[in-house]
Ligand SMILES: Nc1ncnc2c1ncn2[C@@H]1O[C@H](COP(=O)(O)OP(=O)(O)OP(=O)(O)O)[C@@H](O)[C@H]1O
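The chain below stands alone, shown as structure tokens; this is the form predicted on its own.
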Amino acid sequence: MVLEIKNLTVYAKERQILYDVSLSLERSQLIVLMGPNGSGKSTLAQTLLGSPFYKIIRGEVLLDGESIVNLKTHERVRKGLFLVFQNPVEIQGVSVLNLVKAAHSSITSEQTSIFEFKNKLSSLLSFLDLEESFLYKNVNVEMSGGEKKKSEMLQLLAIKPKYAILDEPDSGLDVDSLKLVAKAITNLLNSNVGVLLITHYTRIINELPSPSKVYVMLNGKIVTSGGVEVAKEVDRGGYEWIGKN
């Protein structure tokens, strides 16, 4: 059971963004993708979920041995992919409860009442330090940065996909929110979910089990990879150091 990215070359309009990117992610495995702003990390995440803004020119994406490059976003989600966005969009008129229930039903085909599903979420609300009233908020509307991240973690924990791609889930978080997000990620790993964590910094990595592999991306290319020591070297010397080696 593995998500494989093989020699992925991606364009946005006429500009090449990714150059022969290859990496793999197994179930229950944590891998980390680091890189400065504009290096192509978010492009990779959105390409994996089938964003129409990016075109795959060469390469392959295999989910458990099956190519998904020609599938639409909702089909990829049903196959087991989930993306936590760096900047989640606001959805007026849709409650957190209705969104999570609809996503869960679509993926699992389980049919339960709103009341039953709300009860199922009670332990997750407690886990994320959220009140029941949070479920009735419009998705990401008038939410703090920490609340938006918790909302996405709630969706993740309720759905438990095969593979989760987290695009900078630590951005803009205070220490307490960061620890909660890290706790949620650890829960996912313990639930047989493979996690690709995209981040600039090591502070969230320090709150997690040691990653199986750390990749560094510069200018759309994977320029180095290794164990957690790679992240520590980035922390000490920055990305400029990586670029010189």
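Values in this document were obtained by computation on a predicted structure and should not be read as measured data. Heads up: residue numbers just count along the shown sequence, starting at 1.
From this point on, the text means the form predicted together with the ligand, which you will not see here.
Enquirer: Quick check: do S22, K221 and G226 each get a heavy atom within 4.5 Å of the ligand in the predicted complex?
Expert: No, none of S22, K221 and G226 comes within 4.5 Å of the ligand in the predicted complex.
Enquirer: Heavy atom to heavy atom, is K13 within 4.5 Å of the ligand in the predicted complex?
Expert: Close contact exists here: in the predicted complex, K13 approaches the ligand to within 4.5 Å, heavy atoms only.
Enquirer: Hey, in the predicted complex, is E168 touching the ligand, heavy atoms inside 4.5 Å?
Expert: Contact with the ligand, yes.
Enquirer: Could you tell me if T108 has a non-hydrogen atom within 4.5 Å of the ligand in the predicted complex?
Expert: No, no contact at 4.5 Å.
Enquirer: My question is simply whether N187 lines the interface with the ligand in the predicted complex - judged by any non-hydrogen atom within 4.5 Å.
Expert: N187: no, not in contact with the ligand in the predicted complex.
Enquirer: Select, from the options 207 to 215, 66 to 74, 50 to 58, 179 to 187, the stretch whose residues sit within 4.5 angstroms of the ligand in the predicted complex by heavy atom distance.
Expert: Going through the listed ranges, the match is 50 to 58.
Enquirer: Could you work out which of N138, S122, T112, Q86 is the residue within 4.5 angstroms of the ligand in the predicted complex, going by heavy atoms?
Expert: Spelling it out, the residue with a heavy atom inside the cut-off is Q86.
Enquirer: Across 175 to 213, which residues bring a heavy atom to within 4.5 Å of the ligand in the predicted complex?
Expert: Contacts from 175 to 213: just H200.
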